[in-house]
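Next comes just one chain, in structure tokens: the form predicted alone.
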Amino acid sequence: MIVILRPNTDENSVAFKKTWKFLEELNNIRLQKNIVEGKFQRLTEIYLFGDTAAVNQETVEALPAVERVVRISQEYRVLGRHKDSKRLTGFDYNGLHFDQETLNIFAGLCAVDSKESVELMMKALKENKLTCTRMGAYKPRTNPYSFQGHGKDCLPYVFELAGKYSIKVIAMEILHENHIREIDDALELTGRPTGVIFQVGTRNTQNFELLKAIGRQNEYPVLLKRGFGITLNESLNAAEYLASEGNSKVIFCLRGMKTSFSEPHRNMVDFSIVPALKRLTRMPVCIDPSHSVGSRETSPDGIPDIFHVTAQGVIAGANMILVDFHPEPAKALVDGPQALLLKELPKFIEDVKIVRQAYEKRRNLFKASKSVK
């Protein structure tokens, strides 16, 4: 059961205190509070866990601070929609908004290999009026002898350059609970010139202790990638691990599935389920065309496969794009063959705009049809 309080309810108010006291005294019920920051209002949601079937919904709805009550299914308790279209679907972070209506492009380096590459990348982003990027400091590799990333040593110059080029948010993968502290320390050391979204890679989707650790902090949002060899339900429950610990600022990322049927791409592209994810959950949905395609191959029409695949996700309603670029892909230490060139960035952005406009026209078409009925 989710108890949704009236917008902008003050926790020091008499109404809130009376409501909380009543809920707290319910038998066999555990409470968890969640704050949802929207564009125009702040919502407090109180989750009731335990024997909620015995709780009288009308009695709870009559409490002084309560706006409404939502009965929920067992799965995706915090992040699920539960057939309630009124619940907010996003969050604000470092001056940007993320929800199921917005579209943010995170173009950048799969792995930080040099300060020079970072600066060239961020300079190109600023020139093209982008304020988000991806920068891998910690890299999980299949081969133990492959480059594992520069780790905490590169964080200060990455954050300083982000501030120099007005980058507001960096998506950065973390592999261990210690990385949370290392990133936070480096941001503090450099004066917090940018923000960070913690990225959970596909190999760690079911690293439950890592998910719990990330979920226990509420300052940094999380980008969770779908596990490449598990069911969608299992990956969504991984996202719920984050939310169950208190952090519901979660973006779900599709990055292709590992299967023998994926050829000629690196992974089987799974962007067709973008609408399903938005129907099942309140999470913004990200696509990662680079790791899905895995190459810079171009089709006979002259359009690179990564552009085509990106378009498939955007026209299906994706809210974020995580895509690899590099000043010199041949010299990249990680995933160079799939990185796009900096000179292709303007064309990539324009192509995304074209497809996004098509999506918005499609959406308006169906809104108009619904209003006629």
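Numbering starts at 1 and runs along the sequence shown. Just so it is clear, the structure is predicted and the values come from calculations on it, not from any experiment.
Note that the form predicted in complex with ligand PEP isn't included here; everything after this is about it.
Enquirer: With a cut-off of 4.5 Å between heavy atoms, is Pro140 one of the residues that contacts ligand PEP in the predicted bound form?
Expert: Within the cut-off, so yes.
Enquirer: Considering non-hydrogen atoms and a 4.5 Å limit, does ligand PEP approach Arg255 in the predicted bound form?
Expert: Looking in the predicted bound form, residue contacts with ligand PEP include Arg255, since a heavy atom lies within 4.5 Å.
Enquirer: Considering non-hydrogen atoms and a 4.5 Å limit, does ligand PEP approach Ser235 in the predicted bound form?
Expert: Outside the cut-off, so no.
Enquirer: So in the predicted bound form, does any heavy atom of Asn104 sit within 4.5 Å of ligand PEP?
Expert: Taking the distances in the predicted bound form, the answer for Asn104 is no, it never comes within 4.5 Å of ligand PEP.
Enquirer: Name the stretch, out of 197-205, 270-278, 238-246, 159-167, where some heavy atom lies within 4.5 Å of ligand PEP in the predicted bound form.
Expert: Heavy-atom contact with the partner occurs in 197-205.
Enquirer: Every residue in Asp99, Ile251 and Arg282 with a non-hydrogen atom within 4.5 Å of ligand PEP in the predicted bound form?
Expert: None of them does, since no heavy atom lies within 4.5 Å of the partner.
Enquirer: Taking ligand PEP in the predicted bound form, which residues along 110-124 bring a heavy atom to within 4.5 Å of it?
Expert: Going through 110-124 in order - heavy atoms within 4.5 Å of ligand PEP in the predicted bound form - there is one hit, Cys110.
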